[in-house]
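As a starting point, one isolated chain is supplied in structure tokens, in the form predicted on its own.
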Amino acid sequence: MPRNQYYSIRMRSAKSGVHISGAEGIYEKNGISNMVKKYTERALIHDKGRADDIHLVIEELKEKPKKISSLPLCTLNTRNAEGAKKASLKILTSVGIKERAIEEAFNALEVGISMRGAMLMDIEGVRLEPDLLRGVRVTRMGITKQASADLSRKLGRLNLNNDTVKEALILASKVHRYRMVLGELCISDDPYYTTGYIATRAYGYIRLPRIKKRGIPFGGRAFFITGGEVKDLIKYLQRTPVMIGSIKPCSDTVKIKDVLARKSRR
């Protein structure tokens, strides 16, 4: 019986040199056509404008994707950017990240640094990625059909069943499988999407509504890391194929004290 052929499909688009949208996934051979159409439509119909430059990469994977579980998901009822920042500081410092590093990440993401990838910061806030202008882009990640259906059911109960949440959860789940990564901060660069998130292995993926005001076009990601070789981490983030094969619980709005209590129970 022939083995399944998996392909990594990656899209990025821009308008007049400014990033519009991106998409990424791992699919079987018979799913390529549909996803190329979907990704192209996303680039041509976007709140940030119609892309005039679309790059698609379709690559057969030579390595079988590793199957992992998703991070558990929940939402904090943050009412404004200040509240989202306070919650981020409380949760991320509890796993060993210094407050100054988190502040530095917020400052960088809020002033409009335009990067294709994520920042890599140590727990003190020192940037570690080789190219400070490009960052490190996480690629070669996906989700099995069975796990995708399960995730859709769980997110549907929370009125969160959309590509934005799904794709961010898949990315964060791959990233936090690597032990060097202590935490993550993400603010969307979509001016009309104001929910960001933080993620850690200890607490999972935590959505932060109203992390920025509507209309602000700035955002990005920061990964907080410690120990190990940065080059090995970058190789994993960029080259190792990973697929979500099972879904952890997806919860509705919770209080920050309930999130922090999870760590003590592990």
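One-based numbering along the sequence shown. All figures in this text were calculated on a predicted structure; none of them were measured in a lab.
The next section is about a form of this same protein that is not shown, the form predicted in complex with a small molecule.
*Asks:* Out of 163 to 171, 138 to 146, 121 to 129, 100 to 108, where are the residues with a heavy atom within 4.5 Å of the small molecule in the model of the complex?
*Replies:* Looking at the partner contacts, the answer comes out as 163 to 171.
*Asks:* Looking at Ala84, Leu71, Cys186, Val175 here, can you tell me which has any non-hydrogen atom within 4.5 angstroms of the small molecule in the model of the complex?
*Replies:* Selected residue: Cys186.
*Asks:* Look up in the model of the complex whether Tyr205 has a non-hydrogen atom within 4.5 angstroms of the small molecule, and give yes or no.
*Replies:* Output for Tyr205 is yes: heavy atoms within 4.5 Å of the small molecule.
*Asks:* How about Thr78: is it within 4.5 Å of the small molecule in the model of the complex, going by heavy atoms?
*Replies:* Close contact is absent here: in the model of the complex, Thr78 is far from the small molecule, nothing within 4.5 Å, heavy atoms only.
*Asks:* Check Tyr197 for me: does it contact the small molecule in the model of the complex (non-hydrogen atoms, 4.5 angstroms)?
*Replies:* Yes - in the model of the complex, heavy atoms of Tyr197 and the small molecule come within 4.5 Å of each other.
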